[in-house]
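Single chain ahead, by itself, as structure tokens, in the form predicted alone.
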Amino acid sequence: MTPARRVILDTDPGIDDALAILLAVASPEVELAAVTVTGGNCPLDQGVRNALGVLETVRSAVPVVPGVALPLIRPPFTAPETHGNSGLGNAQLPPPTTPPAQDHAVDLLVREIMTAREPVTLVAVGPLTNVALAIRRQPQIVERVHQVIVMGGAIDVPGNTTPLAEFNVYVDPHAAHIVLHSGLPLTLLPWDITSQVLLTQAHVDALLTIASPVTRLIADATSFYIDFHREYFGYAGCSINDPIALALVFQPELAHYAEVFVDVEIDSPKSIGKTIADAQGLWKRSPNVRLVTGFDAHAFLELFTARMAALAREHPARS
């Protein structure tokens, strides 16, 4: 059996971030080294509590490491209309009893990547502030990390936060600029792809046939998320962006890719955060990302729901 890939999940726990944490715990191909947190979907302190609460739901001792609360330059920008005031929709988790790690996410990223016996995979599904500052702190992580999978950007579709920009990049476009120009081995999963991968109420109802705090968390969190997607986008379900990025760690064959140069707008007030892919090579720049251009949504949703069901059976509701 292939050894599990050591993964750091850098996140801003929101709803789909919570689902990515659950998928990481449920996947034997993943050795989850840490969940690092930045501000984004909700403020940093709330995101840390959410990550701890999700991990306690499945009795996981994976450390949660607080990182940077604010974007590098711009003011903070959160998404209560998307993820609810707590960041987890309608889910009501008890206050976590486990404290966060006495560490800083930037320090942990540098230490893990530089000292790991086997190369680390970084999955970054929030604003890229922690990652950008880790590069600034220790540029050698660019050569040492195995792979960096980023969920962010809108390439050929409208943004989900402005007419042009996707949320993660919009929150900290300057951090995204640092990461895109760093030389990291980047796989970029854009909103173009994830917006088409919808967890529906039928999926949730099927999971609810298993009585478990896992299925209750998924149902309560996604009920808010499904309502948001219906109101704002007219979708019959919710885009579960972040678990897709996590799945690419161990099932990269779910996606089709293209090697392209991608940049981000950081100067224009109206288009700030817009990601641009030079598919025609007009800028004469070498590719800096492996861009996800297609995805098997059906196979992924089968994988995701099967693993959530298995995780729920491991953690049945207490009678």
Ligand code: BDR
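Residues carry their position along the shown sequence, with the first being 1. Here the structure is a predicted model, which means the values were calculated and not measured.
Omitted here: the form predicted in complex with ligand BDR. The next part is about that form.
The closest heavy atom approach of Val214 to ligand BDR in the predicted bound form falls outside 4.5 Å. Shown alone here, Val125 lies within 4.5 Å of ligand BDR in the predicted bound form, counting heavy atoms only. Although the partner is absent from this view, Asn41 contacts ligand BDR in the predicted bound form, with a non-hydrogen atom inside 4.5 angstroms.
In the predicted bound form, ligand BDR lies within 4.5 Å of some heavy atom of Asn160.
Only one of 201-209, 241-249, 176-184, 95-103 places residue heavy atoms within 4.5 angstroms of ligand BDR in the predicted bound form, namely 241-249.
Comment: ligand BDR is not present in this chain, but in the predicted bound form one of Thr129, Asn168, Thr121, Thr222 has a heavy atom within 4.5 Å of it, namely Asn168.
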